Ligand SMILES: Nc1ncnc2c1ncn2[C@@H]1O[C@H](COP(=O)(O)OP(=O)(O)OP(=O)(O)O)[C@@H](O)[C@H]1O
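The chain below stands alone, shown as structure tokens; this is the form predicted alone.
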């Protein structure tokens, strides 16, 4: 698949990092549903197909939609499994072929949104290489910050060393520059933010601001730790669906606040009408 012989190019959003439990699939679903509700044609690709959290989320959504009296919008979905070929050369060639086949099938969409595995492999790196926008959910803790950079104190001075993941993103940016493509717009979202103004939260903010300048990413506030996200998964719903009929969920003040968090994130990312390619 080459971009030169395709007049239409969808915008590609990749949700990724190399740490599990950061809320990648929840973030992906909320981005997808927000785009669907704006009237965009959306395709989704699950590059973590073996674990398949996003795929199960969408299966739950399709099942709920079949019995719902409301309008539950669905993206066009593809799962891409990692190759089981013996040699690295064969495996990488098969991974690339399978991903490009999935992208070709979704190329008429306005957006293609990738969910990636919480580990480093060729298929994940390949997915990152296509990103116009990279969204990296990060739990608001120093333990999870290690995914972005190693933090050390030497002679009372703070030393930050970019992580393997940050280096991988930097390499993909360099490759895009060589190919004269637009740079990846990297957004790091602080997920599971505490609602208490704790010292740890402030210290994280200072370090992330420093890293944002050094690694060239934008910071966004993500989602607070709320039970509602776990409750919506079995139905395949998001906070943005709760105004539809038949969801069986009564809106509370907590839900309203959580939905505002989602909208704030979308505004920071900048998925606006004018961003959609012709």
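Note that the structure is a prediction, hence the values are computed from the model and not measured. Positions refer to the first chain, counted from 1.
Beyond what is shown, the protein has a form predicted together with the named molecule; the following relates to that form.
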**Asked** If you check in the predicted complex, is residue 241 within 4.5 Å of the named molecule, heavy atoms only?
**Response** no
**Message:** Using a 4.5 angstroms cut-off on non-hydrogen atoms, would residue 40 count as touching the named molecule in the predicted complex?
**Reply:** no
**Request:** Indicate whether residue 23 is a 4.5 Å heavy atom neighbour of the named molecule in the predicted complex.
**Result:** yes
**Request:** Please run the contact check for residue 51 against the named molecule in the predicted complex: heavy atoms, 4.5 angstroms, yes or no?
**Result:** yes
**Asked** Among 205-213, 31-39, 58-66, 227-235, which stretch sits within 4.5 Å of the named molecule in the predicted complex, heavy atoms only?
**Response** 227-235
**Request:** Just give me the single entry in 78, 109, 173, 192 that has a non-hydrogen atom within 4.5 angstroms of the named molecule in the predicted complex.
**Result:** 192
